[in-house]
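Before any questions on how it binds or moves, here is one chain, the form predicted on its own, in structure tokens.
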């Protein structure tokens, strides 16, 4: 069996960082990262980006050396991705913040509103309903992070957690301030509007959860296998016939329901910003599906059936 020689150069300076002798042909990029880590302990595998070209895409950990377009002396380029943090930690931090922050405004702790309103409660039942819906949404996200989601990537750059938390925590505070404000006024169409919004919110929350369960079942534990998502026997998954990212479709519907329920401008703005971001993600995933699977259903749109 022939063995490979592997040299790893810095992608920026082209300086040789490591030379590996007698590497097995069936060695994966993940295993090469581990070998590199032994000589450079400061760069643990999750922090490494190994590529064939200095400006090319990162190779996948499961890529096998002998299947790559390299000779028996293979040259790879290394780029430091920076300090990493697990996706689970990121999600738990992102979602715990809004849950706690919203409740601080709901209970009207001191120094938020005028002193005479400290620890008072709103006279409008929609305010209490909104708190229950908001808390339910983020409790659901936390539980899904712990027990449902299977992540294809174990980590993300540490710096991203500050950006993500600013987004989620900041919007939660902005929304909660106005919804729980002593001068808050209920929706213009009253109880009928609130009930309709609650139905939409709950329907989409159940739909979102159903999609997450279906996606979980597509990927065996510990695997990075990707398959085309198809509807299951659960009717809430049937929207998968029309969109590539039904979890985002349901997420959008949930926040539209919350916007209708509270009739609050900051909530509407959060919904709009979230829709824009989810559309970007959905389009990217849709393109990825089309590129990876030749038999991908042509009828599907990224996030909104037949439109977007």
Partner chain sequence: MSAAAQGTSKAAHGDVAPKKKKGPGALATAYLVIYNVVMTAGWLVIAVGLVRAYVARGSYHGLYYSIEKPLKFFQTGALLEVLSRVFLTWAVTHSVREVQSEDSVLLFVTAWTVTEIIRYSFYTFSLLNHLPYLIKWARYTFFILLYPMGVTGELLTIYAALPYVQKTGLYSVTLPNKYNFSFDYYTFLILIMISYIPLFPQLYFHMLRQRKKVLGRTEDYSKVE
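Keep in mind that this is a model prediction, so the values were computed, not measured. Residue numbers count along the first chain shown, from 1.
There is another form of the same protein, the form predicted in complex with the partner chain; it is not shown, and what comes next is about it.
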| property | result |
| --- | --- |
| In the predicted complex, the residue from 184, 209, 78, 91 that sits within 4.5 Å of the partner chain by heavy atoms | 184 |
| Contact residue in the predicted complex, chosen from 247, 263, 271, 240 - any heavy atom within 4.5 Å of the partner chain | 263 |
| Every residue of 174, 178 and 188 near the partner chain in the predicted complex, heavy atom within 4.5 Å | yes |
| Option from 255-263, 66-74, 24-32, 37-45 whose residues, in the predicted complex, bring a heavy atom within 4.5 Å of the partner chain | 255-263 |
